[in-house]
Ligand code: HEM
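Taking the form predicted alone, here's one chain by itself in structure tokens.
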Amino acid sequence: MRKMTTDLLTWVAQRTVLRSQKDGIDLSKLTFVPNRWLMPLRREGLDPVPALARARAEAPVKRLASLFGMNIWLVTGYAEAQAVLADRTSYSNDIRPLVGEVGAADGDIGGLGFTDPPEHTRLRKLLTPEFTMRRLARLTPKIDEIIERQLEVMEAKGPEVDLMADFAFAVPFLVICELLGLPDESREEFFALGSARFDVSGGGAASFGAISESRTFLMNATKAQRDAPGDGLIGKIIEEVGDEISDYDLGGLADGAFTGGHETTASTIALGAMVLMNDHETRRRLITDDTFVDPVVEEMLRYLTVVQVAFPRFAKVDHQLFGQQIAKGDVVVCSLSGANRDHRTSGPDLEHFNPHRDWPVSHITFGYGFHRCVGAELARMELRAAYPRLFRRFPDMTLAVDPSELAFRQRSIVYGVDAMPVRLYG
């Protein structure tokens, strides 16, 4: 499996100032970012570095960096992040005016996360019906079947296996293929493209090239279903709106569903299993008490917050944000992992995993406002099914290596590990 990393702040710097090149300096080749800029993407094991909590205590809205006159602001407070993410007036998500010809060369990143109303509203309206609980319910038997199949794969490979490759990565990938309605024979190619899109070892152009290839693959899948729509998301949208949506837009929607629902869920399954392997009381109760899975999943989503930052917001106007002066053109980045540990909003001891609390703890793991992840309920369905089944099958499963040996993805928007060797029988 390829290493999947994305340096958010390098990307923001590259793309936002790209059209302001002067004196022959090509800012698209910017490869170095000071460590302090990367603080919201850094962790110690499963926990954000202490500097993130210190930044929130000092100022929940804080200037992180300044580059060629453009300020990058970091938001670490829960209420402050909600305010930014819900604000359609002061901020834009549309990156395309900022990337110019380079954006076109990279294949136009587009997608729901990088669009504003009314285009965002039009596209999300097409996608949302496919993610209602009623529509998703059809996937329940398939999710159960996929999980059981992967547990059998692990059993056959044991007693030591890679939990990431054989279970955490495979389950959501196969679920997304079912959701989209992709034929079995095309899934291996799609799997490779999905891995490559998060790899920036070849530079920003390579990363965006992989995104373009993935989107092209899904556009071709859309074209293939025009005459004979399948029973997945692609086919259902074609049946409902036909030529009202282009192959390009529908391919982008499918690509967004994949991006939002695969890597994120895979990381949550793997890292969550690691948490449960070290928490004997929670693991025992999860195995024996069906009613306990909901608080475990919600607390795991909050605690891990594998999507560490939200899509960047670009200030459309000069304005005040909780005492800070934001200038038009500034970039505002909301730290979801920081906001989800803000004790001012949800009570004390949020630095630890604890599903046994007597009060519910709110989180914005799926974002907030009109850009909130449309696939949130599908992710919950997968986690609710995966955790209990995994530990009922292998109740004594342990890490096969010391935690310090795990290769955590550094500087990654989606935090996770490349591999997780486990011993199935303790």
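Everything numeric in this text was worked out from a predicted model, so none of it was measured. In this text, residue numbers run from 1 along the sequence as written.
The same protein has a further form, the form predicted in complex with the ligand, not shown here; the description that follows concerns it.
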Contact segment among 347-355, 145-153, 260-268, 319-327, judged by heavy atoms lying within 4.5 Å of the ligand in the model of the complex:
260-268
I'd like to know whether G272 contacts the ligand in the model of the complex, with contact meaning heavy atoms within 4.5 angstroms.
no
Using a 4.5 angstroms cut-off on non-hydrogen atoms, would P48 count as touching the ligand in the model of the complex?
no
Given that the partner is absent here, does R389 sit within 4.5 Å of the ligand in the model of the complex, heavy atoms only?
no
Evaluate F311 for contact with the ligand in the model of the complex, applying a 4.5 angstroms cut-off between non-hydrogen atoms, and reply yes or no.
yes
Report the residue, out of P295, G251, G181, G113, that has at least one non-hydrogen atom within 4.5 angstroms of the ligand in the model of the complex.
G113
Can you pick out, from L301, A221, I287, L126, the residue that has a heavy atom within 4.5 Å of the ligand in the model of the complex?
L301
Going by the ligand in the model of the complex, which residues of 348-380 come within 4.5 Å of it through any heavy atom?
T365, F366, G367, F370, H371, R372, C373, V374, G375, L378, A379
